[in-house]
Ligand code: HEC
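Next comes just one chain, in structure tokens: the form predicted alone.
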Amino acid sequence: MKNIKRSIVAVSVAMSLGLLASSALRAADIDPQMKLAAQRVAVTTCATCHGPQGRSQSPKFPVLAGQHASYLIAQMKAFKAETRGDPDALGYMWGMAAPLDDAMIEALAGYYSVQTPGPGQRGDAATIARGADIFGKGIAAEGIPPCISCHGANAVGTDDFPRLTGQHAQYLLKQLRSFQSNLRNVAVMHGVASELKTPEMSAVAAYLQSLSGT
């Protein structure tokens, strides 16, 4: 059963690579006026929740600074299409994304991707060490693959998988629970998160929050 689960995760990863790669941002293609318009939207509207330059001060809302543009594009399009169904998507982002056209989505993604993330936040050393172990090695006995295989060393991510370095632990834990319940219907993450227990998820979230975002 665990071998089947690993196969499903592997196939889902391959599909995700193909889908997200098609959303890759070409910064040189963004009109300069659109870049300025996106910056105004980021500073006057998005900053209310996501903080200055995407460095969120509230653990409820994700840090966007330094996030990969292709991932941001995919998420904003999912919000607009109302296909991302976690509670904050319904409560906030469906409405916020509704009026955005593709040009503004790409320009906003480009803006946030070049912002400098802030420092990590330290916590309980034993919890962070446990989270680092799960992130780097997974839990073989439970068929849980290592997070590092997709999110990379130091959780900096790739064009196809999000940067998790320095992300708020509260936000990460909420998203892992959404993946578990399929509120966020992402097969690869449901397969990874479905067997994680709350203490394990909390440990991984604490570890990721502790990493320096700079």
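Position 1 is the first residue in the sequence shown; the rest follow in order. Here the structure is a predicted model, which means the values were calculated and not measured.
Only in words, not in the display: the form predicted in complex with heme C, which the text now covers.
Assess the spot marked by Leu64, Ile144 and Ser149: is heme C within 4.5 Å of a heavy atom from every one of these residues in the predicted bound form? Affirmative, all three are within 4.5 Å.
Test of understanding: in the predicted bound form, would Ser113 fall inside 4.5 Å of heme C by heavy atoms? Close contact is absent here: in the predicted bound form, Ser113 is far from heme C, nothing within 4.5 Å, heavy atoms only.
Taking heavy atoms and a 4.5 Å cut-off, does Gln167 contact heme C in the predicted bound form? Gln167 belongs to the contact set for heme C.
Distance check, Ala103 to heme C in the predicted bound form, heavy atom within 4.5 Å: Judged by the heavy-atom cut-off of 4.5 Å, Ala103 is well away from heme C in the predicted bound form.
Find out whether any non-hydrogen atom of Ala132 is located within 4.5 angstroms of heme C in the predicted bound form, and reply yes or no. Output for Ala132 is no: heavy atoms all beyond 4.5 Å of heme C.
Neighbours of heme C in the predicted bound form among 69-89 [non-hydrogen atom within 4.5 angstroms]: The stretch touches the partner through Tyr71, Leu72, Gln75, Met76, Phe79, Arg84, Asp86, Asp88, Ala89.
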